[in-house]
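Below, in structure tokens: the form predicted alone, a single chain.
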């Protein structure tokens, strides 16, 4: 496989909108460190999966050559707007649409002006490649897909990038524990909502850092259930599929809360 870099990054817009707030600023700083590592890897394309781009029928892929505009997050609109510009590797995206039938998945391309790009994709683009120098291939989070199906999609996207001779970086966009704080808080005192969630987050990050894939596969069903993992942690399944189920370690650039939920910036060792 031609995977030259891999990252797990949060999709919350709070570190982008309020990096001056220390708990979220730490996440923003971790994303900036990941951006430098990504640039050093010199990818030709970014293989992106965001838990916040939701699909309910077919698997969707961005196929419009360029998308630009201003997005208003449906949850955190009071903190500001999210301007964005993304470029798409249409050759690879169309290949993904055509090839998913191999794994029993029906796909469609999305190509129209004003399509509502999700917050997670925008946040990752803002921090990792603000000038949109590298085109992306973006896959939706189909709510009916299992982690295993998502892993197959990641593997397929990576294989097609390899067949096209492209150096690819794979990016899984989403959080860790999913519980948020339900009451208005002093954002300077943000914290993980539950002690149990923090313990789970740290356990999973430790397994990732040690590249214990077997251990991860064993505990992820419990993590998903007990920590209410963001969309079943399927963004990690996308990564794992693209990496062929193997990596050699990882570095956590940042870990902390985003209004109670867990967020981490992780760079994988390949």
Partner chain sequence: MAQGQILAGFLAPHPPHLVYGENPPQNEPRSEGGWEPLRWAYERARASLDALKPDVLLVHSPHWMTQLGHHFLGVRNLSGKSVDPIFPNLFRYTFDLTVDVELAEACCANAREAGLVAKMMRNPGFRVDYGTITTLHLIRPQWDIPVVGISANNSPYYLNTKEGLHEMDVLGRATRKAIEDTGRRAVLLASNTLSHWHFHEEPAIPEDMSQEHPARYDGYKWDMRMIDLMRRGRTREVFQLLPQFIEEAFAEVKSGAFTWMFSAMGYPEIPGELHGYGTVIGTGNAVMEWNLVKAGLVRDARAAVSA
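Residue numbers count along the first chain shown, from 1. Bear in mind that the values here come from a model prediction, so they are computed numbers and not experimental data.
The form predicted in complex with its partner chain is left out here; the points below concern that form.
State the residue from 40, 225, 218, 56 whose non-hydrogen atoms include one within 4.5 Å of its partner chain in the model of the complex. By the 4.5 Å heavy-atom cutoff, the listed residue in contact is 56.
Which of these residues, 86, 155, 92, 110, gets a heavy atom within 4.5 Å of its partner chain in the model of the complex? So the residue touching its partner chain in the model of the complex, by this definition, is 110.
Out of 123-131, 168-176, 74-82, 147-155, where are the residues with a heavy atom within 4.5 Å of its partner chain in the model of the complex? Single hit among the candidates: 74-82.
State yes or no: in the model of the complex, is some non-hydrogen atom of residue 255 no more than 4.5 angstroms from a non-hydrogen atom of its partner chain? Judged by the heavy-atom cut-off of 4.5 Å, residue 255 is well away from its partner chain in the model of the complex.
In the model of the complex, is there a heavy atom of its partner chain that lies within 4.5 Å of any heavy atom of residue 99, even though the partner is absent here? Residue 99: no contact with its partner chain in the model of the complex.
Would you please decide whether residue 60 lies within 4.5 angstroms of its partner chain in the model of the complex, comparing each non-hydrogen atom pair? Contact with its partner chain, yes.
So in the model of the complex, is its partner chain close enough to residue 195 to count as touching (4.5 Å, heavy atoms)? Answer no; every heavy atom of residue 195 is more than 4.5 Å from its partner chain in the model of the complex.
So which bits of 177-216 sit within 4.5 Å of its partner chain in the model of the complex, heavy atoms only? Read in sequence order, the residues that approach its partner chain (within 4.5 Å, in the model of the complex) are 178, 179, 180, 181, 182, 183, 184.
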